[in-house]
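Presented below, as structure tokens, is a lone chain in the form predicted alone.
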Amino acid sequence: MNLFDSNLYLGRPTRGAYAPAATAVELLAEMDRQGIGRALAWHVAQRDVSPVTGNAMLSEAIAGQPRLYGCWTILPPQTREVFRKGEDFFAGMGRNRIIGLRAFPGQHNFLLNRQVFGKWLDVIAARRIPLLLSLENGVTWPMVYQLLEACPTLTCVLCDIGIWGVDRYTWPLLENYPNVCLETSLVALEDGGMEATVAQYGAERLLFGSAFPARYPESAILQLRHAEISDEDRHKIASTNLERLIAQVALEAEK
């Protein structure tokens, strides 16, 4: 399989991970060991230190690494820490191979909603920039539901979503919001979870993710390799779906 990982990070976290990769070189070495060709990465400093510092560290780390794309972390635009007045945020994304955004509202003390982000939600949605939200990292299900109700066209990738009975949370979102996708690192651990989701909503709604270094990549790879789905669907989940999302991202200013 041509694996394109939608959910991994580099850097040394302040709390445990089984074998973190401190640098892009170390991360690429681990990807090679696992047979992962490309990745959409973030830097743990974006969560544990500061989004501003972490965004810069990520950009520096993936520079000159064609196998790595990045996600910047956002903060409320009112504070002008990330969305700075006079700067073209989206042009900066393009210069730095950043094609997704992340938010850690629990860790960074803000509410991820329409009142806070206002027009930025509509801009991000119109530009088809994926917003990756981790249910293990400061995001709650009510928060996700309220955000999508406020911006139903948002391209949203839900990561680290849990295992048992999680379809009761995720399937209503897949049914109501066409641009919502699920990352597979924990879907892979529920027996039949991947197959059931593919049968109900199609393989297009799943993106392969390993959650390295928080989890062992082998589990997600093994489950995808042996899932009782067609080879066509397997390849969609492995890489094609994320390639499609990236191709849709519009970072250049409209003329």
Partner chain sequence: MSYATLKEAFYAEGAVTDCPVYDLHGHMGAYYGISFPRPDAAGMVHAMDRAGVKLLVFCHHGTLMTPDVGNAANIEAVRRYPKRLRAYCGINPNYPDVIARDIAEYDQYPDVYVGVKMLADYHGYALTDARYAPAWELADRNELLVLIHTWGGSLYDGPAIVRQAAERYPHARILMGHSCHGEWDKAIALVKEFPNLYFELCAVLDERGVLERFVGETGSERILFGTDLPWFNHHYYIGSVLGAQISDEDRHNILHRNAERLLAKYEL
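Residue numbers count along the first chain shown, from 1. If you're wondering where the values come from, they're calculated on a predicted model, not measured in any experiment.
If you look for the form predicted together with its partner chain, you will not find it shown, but the lines that follow are about it.
Of the listed stretches (50-58, 64-72, 37-45, 207-215), which one has a non-hydrogen atom within 4.5 Å of its partner chain in the predicted bound form? Comparing against its partner chain in the predicted bound form, the contact stretch is 207-215.
Partner contact for residue 25 in the predicted bound form: its partner chain, 4.5 angstroms, heavy atom: Although its partner chain is absent here, residue 25 would stay clear of it in the predicted bound form, with no heavy atoms inside 4.5 Å.
My question is simply whether residue 178 lines the interface with its partner chain in the predicted bound form - judged by any non-hydrogen atom within 4.5 Å. Although its partner chain is absent here, residue 178 would stay clear of it in the predicted bound form, with no heavy atoms inside 4.5 Å.
Quick one: does residue 165 come within 4.5 Å of its partner chain in the predicted bound form, counting heavy atoms only? Within the cut-off, so yes.
Touches its partner chain in the predicted bound form: residue 247 (any heavy atom, 4.5 Å): Residue-level check for residue 247: no, no contact with its partner chain.
Candidate spot 33, 196 and 225, all three in 4.5 Å heavy atom range of its partner chain in the predicted bound form? Every residue of the spot touches its partner chain in the predicted bound form.
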